[in-house]
Structure formats: structure tokens, C-alpha cells
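Quick heads-up: it's one chain on its own, the form predicted alone, in C-alpha cells.
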Amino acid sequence: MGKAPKKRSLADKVRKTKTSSEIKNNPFEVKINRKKFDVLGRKSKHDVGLPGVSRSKAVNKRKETLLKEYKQKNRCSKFIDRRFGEYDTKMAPEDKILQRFTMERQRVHEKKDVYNLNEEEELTHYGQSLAEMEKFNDVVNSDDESEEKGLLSAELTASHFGGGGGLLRKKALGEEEEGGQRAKSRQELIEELIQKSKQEKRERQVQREEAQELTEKLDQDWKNIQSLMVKKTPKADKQEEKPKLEEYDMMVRELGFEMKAQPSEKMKTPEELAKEEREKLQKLEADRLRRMMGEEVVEGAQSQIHFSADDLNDGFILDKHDKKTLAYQDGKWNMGEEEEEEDEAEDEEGEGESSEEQESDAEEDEVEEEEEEEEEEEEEGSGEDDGHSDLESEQESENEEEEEASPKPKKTLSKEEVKAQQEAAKAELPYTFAAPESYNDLKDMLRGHTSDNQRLIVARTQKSNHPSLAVGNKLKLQKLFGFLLEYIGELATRSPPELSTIDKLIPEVYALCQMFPDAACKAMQSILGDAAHSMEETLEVKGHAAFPTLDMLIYLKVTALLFPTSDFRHPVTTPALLFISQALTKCPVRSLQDLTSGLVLCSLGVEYVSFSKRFLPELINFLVGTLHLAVQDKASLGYIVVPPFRASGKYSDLLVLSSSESCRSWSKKSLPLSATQQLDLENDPDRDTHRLTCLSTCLDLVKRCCLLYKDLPSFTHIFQPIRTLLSKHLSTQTLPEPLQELSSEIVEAISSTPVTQSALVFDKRKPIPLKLLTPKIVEVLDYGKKRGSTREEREKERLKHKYKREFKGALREIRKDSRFLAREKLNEVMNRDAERKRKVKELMGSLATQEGEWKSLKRKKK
């Protein structure tokens, strides 16, 4: 609802009644436009203004023009002739009519009017108008029809319609007149008609038989004549005359004999595969438990029963399934002996499997192969039974009186064999495991098992507790991932570290990471965050920190295996790369063990950036510092050593050899990871061997970095310190031949890389000078007005000034029009609201009156 209209004051009413002379004489209605100064000879038109008068004139003018247009908006009270050419005076009336007819026909034949049956179009059928056909004015001419058409015989009428007595009587009278014989009765006429029809039928049958005999005789004669006409040729001639098949015919025959495509099995979902895997493990576990209890395990091939096609499956058994199965081997039927031999072979295989599982180095691949062999044996057994089922039915039908074969006696095991079977079953690993609820449960589950068995236990735990099998399995497996990471860290901290077990567990950790990437990301982030916080605290307290331990190095390696390292920014690998860079920068090298840890970090850094080729300055600085540790003469270096290394000092000669004899007996080996945790070097030859191994690892990393960063524009400048070290300082020392060859390859790779950037030089062309403009002198007269030099410029300035003035005036009028329309719309809204209020008030008053009357009547009744 809008605001209530403002009440007109008494002054407005008085103003309307006043004359123009009274308004002009009233000082309150007159506005005097003051001037800054007077100009002699200039007449002013707007010295005195009447704002009230001008405002009322503008309002009245808008009421006469704009308000009427607003009220007539969206209303059409005029009839406009929109026929084609109506207002075109140049067109003749005939042309107008022709053009209108053409446009009408085009409109009719458009796609949307295909099914529109207009009255103007004449519809025809076989060339005749439907309108004429509907009048039914067809006249039948006697010439068009024959005399016999449409006539019914008396006999046909009497036989079919039964009402031809008059016709029969007329015919009888005619016959009496002609032959003088007596008239036949109706029964006789019907019998005569039946006899005629039977006679005609018999004649037609005789004609068909005669035609058939003549056709057969003609065929026989034609065969005799054809045998005489055909000339027999020898076989050799026939083979020669046989036409060769064309290439197209050969391809058609080959396609006809090709194997048809067989339908493949339905692809199973991961949920179905997990369910089958768990059922398989549960079945194997049940068999193992039965063997532990001393019970006999029934093989799947022996327990399989074949049902007849007519079996109702109602549990009613007439005889036992003790028939021997047929087998065909070496051209003979083998019914009883073959089965016994197969059972013995299976028993021997089962004993061999149990003995193999007792060994400590049993692997999961062997178990899977055994399971596949068992399934293949079951399939072969079932295939043999199904393949010879038809032979059995034939043999039964031929030899129904023969007696059935006696059942095969079951093979019983002795007590010693049962005991050995129980011991073997106890020694086997269980096939199903419950998910551990805590880290201690996982340790208890894996304690005392080999690395292969530990991997097998984790794999079976994962299969037995797949997320699709139960609701809470997802959370259990997420916890299992964290427990495995903690267990890997504990294996790395043992003395000696169990690196082979860690290597076996990595595939299972990867499978869990692919299954739950979010949980794996959070677990690794927590580990990396704790390590980074501990390093920062140590740096704040001591100013330096120790290199990461072996468990942290293993975690960094696992991070590179589980998560992508080529992403520009990753929530796990990016913090890991920053941790490596911080360790290479902040951790000082004070022993060979620290140097080994640093080289391991460098190799991890190279692995992280191998795909993305991201430049790591900390990596290059650490490699330069490592090579600097092998330099004996540190007087004139020619390069700068960056912390955490020092140009000279206590720990600046860690890689300097104590004697040159150790170079002869040294052989290239990989740097062991266990050296980062505990390094026992008792004598100088062992130390020199480890120094050469570290130097070899450093040179390998330098070579990999050269291949990695060779496309950088600043490659030569980055590797200039390494080139100086290898060409000037390390070349003079006595190093083993493999290291010398590796060093020469690195120097050659750095030297052969072309320099891509060029030196900055001045441009050879002469620079273009700035444009100099001659000052323009403009004639300026008094009062600050500018006078143009030409008449065109003065006219242009005048038009510009006029345009600006008119534009501003138009904007001002548009704003006033908008305010006027807004005020009128508000008045309409207020009027509608007032009218609605009035009607509501009337309705409420009438309702109140009715309510009062009803209450008064109610009181009177009481």
C-alpha cells in the first residue's frame, strides 16, 4: 500500500484563484536571478522568474500529453487495414488482388496447413468430385449392363431362399404345356439339383486324375529322352572342365565356415567379486577346520549329483547314486580303476599341499595356484560326467536287465594319517581374519610370521572385510591403513630394520590407499605434519636439526609410491617435498651417517621431480656440497659453498680418502638404507669404501639431474660449480676408473649443452625521436572568451555548445517526466487501496450488522 495523498493547503487553492497580475505583484511568488556583474548594452530576459507559474504550466502540459499517452498505453481502439498494398498508391487494383491471392495460396500450402481442409479446395476421388458423389445422382444406363446381369434363376431361388413356390409352379405349367408331362414336386426338384451337383463334382475329380496321369507320363518320357540326350564325358575331362572359383566365391565360403561369435560372460561388479572372494575363503577355512577336527573333506567333484530333467526336487529318492561314471582313455572304457587312481593322486596332492604350507616360505601365489587346480579338477570331473550322460542313458536303454554296479568303497584313513592331517591343518594359515580394532591387535596377528605370510594375512583380512559386505567394514579398513603405516614405521626402527617385510606390505597398503584415498591422505598428512613440527621445534631451540631417521625416509618413499608426484600442488606430496627441501637446507652434515641420510633424501627428491621436472635448488646445493667434501686442496675453490656445508672446517673433509690403495679394491655398489640408522666402520679401508660409495651415488644423482634440467635456460650457470669441481679439483685426485668415467660424462654433458640465452645489447637502429609540436597561437580577447581562427571552427564550437545545452535540457525533461509518471502511478495505487479499504469496511460493517441481528434474535429466543 502506498502513502496517503498529501492534502492540498489553503495557499494552493488561493493561488489557483489569483490572476497573473496578482501573482507577479506578490513578492513571495517572484524569484529574482541575481547577476555577478552588469554588462552595458546587454538585455537580460531572465532577470525575474515565476517558478510556481512555470511549474504549474509544465504539470498541465504533461497532463494533456504524457498522462493521456500513459492511460492509452496497451490499448487499441482503432481499426487498421493491414491488407497487402492497401496504402500503396502506385499499385493497380488488379495487381493488389493478384498479389493477395498469391500470398493466400502460399499460406495455405505451408507445412503447418497440410492437414487443414479448407472449403475453397475441391477434393476428388478417381477424378470425380466428392461433393458430386455425395449427392447420389448416379443414373444407371441400361446399355452398361447385360440382359442376364442381376437375374436369379428359379432353381437357385427355390434352393437358397425357400420361397420360390410361385416360380416353380410357373415352370411346371410351362413344361406341361410343352411336353404334356406331369409337374415335378419340390422334393424331386431338390433331389435332381443335388444329383447334378454331385455329378459335376465327380466329373471334375475325373478330369484332375486324368491330368495328373498325363503329367506323370510326360515327366517319365522326358527323363528317358533326357538320358539319351546327355553325353557322358570321362572324369579326367570333367576335372579339367570344372571352372575355378572366383576370389569372391572363396571368401563367401570361408565366411560361411567361420566360427560364430560366442556370447561372453557378464562382467561382474566389484561387490560381486568381493562377495565371491569371501565365500571362497570361507569355504577354504571351513575345510581347514574340518581337517583340524579329523573329519574327512568331501571333494567337490565327488559330491556333485546329476539330476534328471524330470526330477521334481521333492526329496523323494528311489535309489542311490552309486553308478560308475564312464571315462574314455587310450581308446578304451575305463570305469573303476581310473577313478581310484584319480582319488589317490588327489590325496597325494592334498598331503603335498599341507606339507608345503607348513614351510615358512609359503607364498600366496602358491595358494592361489592350488585353489585354481582344485577348481580345474572339479570342472574336469563335472565335464566328464556331463559329457557322458547321454552314453549312460543309451547304455541303460540297451541293457535294462543288467544289474547295477556295486558302489565304490570309501577309503578310510588311519589314526596316524588323521593326526598328521590335523597337525598340517593347524600349521596352515587361517583363510579368514577379523579386522584388528587396535594397533596391538595387528601386531598380535602378524607376530611370528614370515614376510610372505604377513602379506597374505593382510590381503585375506582385506578380502574378508570388504566395504561392500557389511556396513562397518569401511571404517575398519580405514583404521587398518593407519595401523599398517604405524607398523611399517616400527619395522624400520628395529635393529636390523626389516626392509623385506616392508617391501612385501607395500602392495597391500597401496590397495587400501586406492580404496580409501581420503583416509590415506589424512593419515600421511598427520605423519608429515608431526615430523615437520618436531623439526621446527628443534630448530628454534638448537638452531640446527638432525637428519630424518630411517622410518621417516621410508614414509617419504611410501608417499611417492601411493600419491602422484607430478601435480602442481598436492595435499600430500607437496608437504613431503617441502620437508625434503627443509631437511637438505637446515640439517648439517657432521658424519658419514648424516651424509648417507642426505643422499637418500636427494634420491627421493629426484624421484619426486622426475615427471614434473621441477627445479629444486636445495638438491643441487647439497650435491655441490657433497662433492666439495671430497676435495683435498680447498685453497682456491672457484665456486661458493652454501650451508649446511662449510668451505673449511672440522667436517669439510668427510669424503677425503685416507689412502689411495682403497681405490683398487673398490667395486661399485648401491648405498644401503640401513646405513642411515646404524653405520659401523671400524677401520680406514671400510671408511674409504663407504666414502667411495657415497661419492658414486652423488655422481649418479648429478648425472640424473643433468638429464632432468638440460632444457632449462640457466642450465649452464646452475651446473657451473659442479663443472668446476669435476674438471679442476676432482680430476687431479686418484679415483677409481668407474668414477672417473662418470665424472667425464657429466663434464661433457654440461659442456655440450648449447647456451640458449643471448647477451643484452643496444638496438642497432637509431631511436625515433619524440614528435615536436609547434605551439598554436590562439587569439584571446577580453572576458576570457576564445575566438577561433576560422569561421568553420566557430560554427563547430557553437553547435557543440548548443548540443550540450539541448542534451542537458532533454535529460532534465526526461527526469521530470519520470517523476510525474511515478507520482501518477502512486496516486493510482493509493486510490485502489482506498477503494479496497472502503469496500472492506462496508463488508465488515454489514457483517457486524448481521452478527448483531443474529445475536439479538438468539437472545429473544432464549
Partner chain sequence: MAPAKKRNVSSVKTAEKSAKKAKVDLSKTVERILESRKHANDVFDILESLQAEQEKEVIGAVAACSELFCALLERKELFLGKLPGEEDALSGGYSAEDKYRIFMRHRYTSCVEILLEHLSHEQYDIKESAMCCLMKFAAGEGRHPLEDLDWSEHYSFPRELIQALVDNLLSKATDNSLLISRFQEFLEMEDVRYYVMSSIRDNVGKVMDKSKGAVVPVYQNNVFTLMSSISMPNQESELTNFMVKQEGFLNAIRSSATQEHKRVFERMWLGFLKYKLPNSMYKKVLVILHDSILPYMSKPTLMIDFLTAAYEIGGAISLLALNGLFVLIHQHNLDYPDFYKKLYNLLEPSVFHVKYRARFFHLANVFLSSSHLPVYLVAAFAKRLARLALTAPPTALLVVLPFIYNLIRRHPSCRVLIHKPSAEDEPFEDPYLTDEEDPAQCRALESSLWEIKSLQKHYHPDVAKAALLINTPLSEQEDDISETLEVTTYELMEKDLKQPEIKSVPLEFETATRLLKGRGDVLGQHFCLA
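Positions refer to the first chain, counted from 1. If you're wondering where the values come from, they're calculated on a predicted model, not measured in any experiment. By rigid core we mean the largest C-alpha set that fits within 1.5 Å across both forms.
There is another form of this protein, the form predicted in complex with its partner chain, and it is not shown here; the text below is about that form.
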### Message
Would you classify V761 as touching its partner chain in the predicted bound form, given a 4.5 Å non-hydrogen atom cut-off?
### Response
yes
### Task
Considering only heavy atoms, tell me if L712 and its partner chain come within 4.5 Å of each other in the predicted bound form.
yes
### Query
Quick one: is N621 in contact with its partner chain in the predicted bound form, heavy atoms, 4.5 Å cut-off?
yes
### Query
Would K557 sit within 4.5 Å of its partner chain in the predicted bound form, counting heavy atoms only?
yes
### Task
Work out which of the listed stretches, 216-224, 463-471, 249-257, 598-606, brings a heavy atom within 4.5 angstroms of its partner chain in the predicted bound form.
598-606
### Task
Select from the listed residues F101, F568, F79, Y87 the one whose heavy atoms reach within 4.5 Å of its partner chain in the predicted bound form.
F568
### Query
Which of these residues, K196, R83, R765, R204, gets a heavy atom within 4.5 Å of its partner chain in the predicted bound form?
R765
### in the predicted bound form, residues of 695-709 near its partner chain [heavy atom within 4.5 Å]
T697, D700, L701, R704
### Message
Superposed on the rigid core, does the Cα of S758 end up 2 angstroms or more away between the shown form and the other one?
### Response
yes
### Message
Aligned on the rigid core, do the two forms place the Cα of L707 2 Å or more apart, comparing between the shown form and the other one?
### Response
no
#### Entry: Post core alignment: V471 C-alpha displaced by 2 Å or more between the shown form and the other one
no
### Task
Looking in the predicted bound form, decide if the C-alpha atoms of A511 and L284 are closer or farther than in the form shown; they differ by 3 Å or more.
closer
### Task
Relative to what we see here, could you say if Q514 and K283 have their Cα atoms closer or farther apart in the predicted bound form, with a change of 3 Å or more?
closer
